[in-house]
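Just one chain is shown here, as structure tokens, and it is the form predicted alone.
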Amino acid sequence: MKKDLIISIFGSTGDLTARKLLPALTKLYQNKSIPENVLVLALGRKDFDTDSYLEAMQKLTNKPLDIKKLKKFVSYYKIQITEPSEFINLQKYIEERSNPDTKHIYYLAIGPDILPGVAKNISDAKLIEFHNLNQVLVFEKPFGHDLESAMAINKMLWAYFDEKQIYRIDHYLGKEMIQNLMTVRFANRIFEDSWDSKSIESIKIYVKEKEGILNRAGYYDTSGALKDMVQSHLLQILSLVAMDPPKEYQSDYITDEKVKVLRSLSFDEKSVLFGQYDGYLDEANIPKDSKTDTFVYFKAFVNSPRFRGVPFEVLTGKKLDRKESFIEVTYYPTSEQQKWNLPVSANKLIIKITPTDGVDLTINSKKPGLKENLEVVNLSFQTPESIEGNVPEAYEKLLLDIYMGSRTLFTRWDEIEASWHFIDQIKKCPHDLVIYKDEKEIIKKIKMLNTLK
């Protein structure tokens, strides 16, 4: 039977497929968001059939997979991805199951070291033909480890594929509140008219993690917090927060504005702080002399008419007090507030990303009673518990957008180029590596830095 959608997953026996891709595809299939006539090819070199493959995937995740449903559209296909001839066989296998309008998605859940070889084999076997937008390539970060390596990866990909055939996944962009950022900004007059340096004193973008590196030593020690988190997730958030309204709410126009932000970035060298949690060197497979950062903080500036002079405090780290991600916008006092003889607090807008989605706004209000006392009142919205379980996971949204051809939540090459250029400048900044035992200790260091200035 000819299929309307064929998704081929390279690296299908890994954690990502078990924990994220298979559950997301199950939901999309169940909700009829993708064609019922879909085939997911799980590609791997191990001696599995489909049943034993799905059993192995269940062992990689604590959450139960819907094996019965997955068997309706998943098929295991054995392949040695270093052998070009096996890609020719794969092409014939897929062609027999395709019609002229079939959408083909090739998802590379593989390491960056084997990406070039697989990309070349895909192209040589004509699994993806240049300019055919029904045939697309998807791969995960890291998009290089610096500007030079990112440029090399991109040059390699452009030799085989058109930019519009390439989907670079930063899963953070699939989170519900990140998707909601533009709506909060541009669909609410109360924020749209005050979203600039005249009203905003400072902005914090914090992504904090409670866990350590878990079992990611091999990757993490060659990356660190700056390259793993800031280059992708935090700079993407910053660009959405600071960008000007796009000409139209379509992917290329939105990306154009994000790129302008990334290209305008500078930072305060004296604010840069790198840290490493106490115990990192005791983690399995970590060199005892490793200088890898697990924490980074700095103040960035967006040199645009809208935000010139406003500090963006960027912070991310592991082994902190709690897992939470948020954007905190602090406003200047109003011109009238200086006439009051009472303590007046700054208005703050807090956009919460994890662990719960929501928006908080603090305002000043008179305390009930006879005295002229003020209190801070919190106006809060949080995703209701009744629908929290129905909010799509990031990978559901990302996979659906790939199928639909929507590129808004994917990173374009010029975004990556601009972000790596900025990150490389921070890496060159002279700095010490602070060893911290807990969040209070590292935050105290930041306060000392800001006080000294």
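So that there is no doubt, residue numbering starts at 1 and follows the sequence shown. Keep in mind it's a predicted model, so treat the numbers as computed, not measured.
Absent from the display: the form predicted together with a small molecule. The rest refers to it.
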item	value
One stretch from 42 to 50, 26 to 34, 61 to 69, 402 to 410 that, in the model of the complex, holds residues within 4.5 Å of the small molecule by heavy atom	42 to 50
4.5 Å heavy atom contact, residue 82 and the small molecule in the model of the complex	yes
Residue 111: touches the small molecule in the model of the complex, heavy atom cutoff 4.5 angstroms	yes
Contact test in the model of the complex: residue 257 vs the small molecule, heavy atoms, 4.5 Å	no
4.5 angstroms heavy atom contact with the small molecule in the model of the complex for residue 15	yes
The small molecule in the model of the complex: contacted by all of 11, 140 and 395, heavy atom 4.5 Å	yes
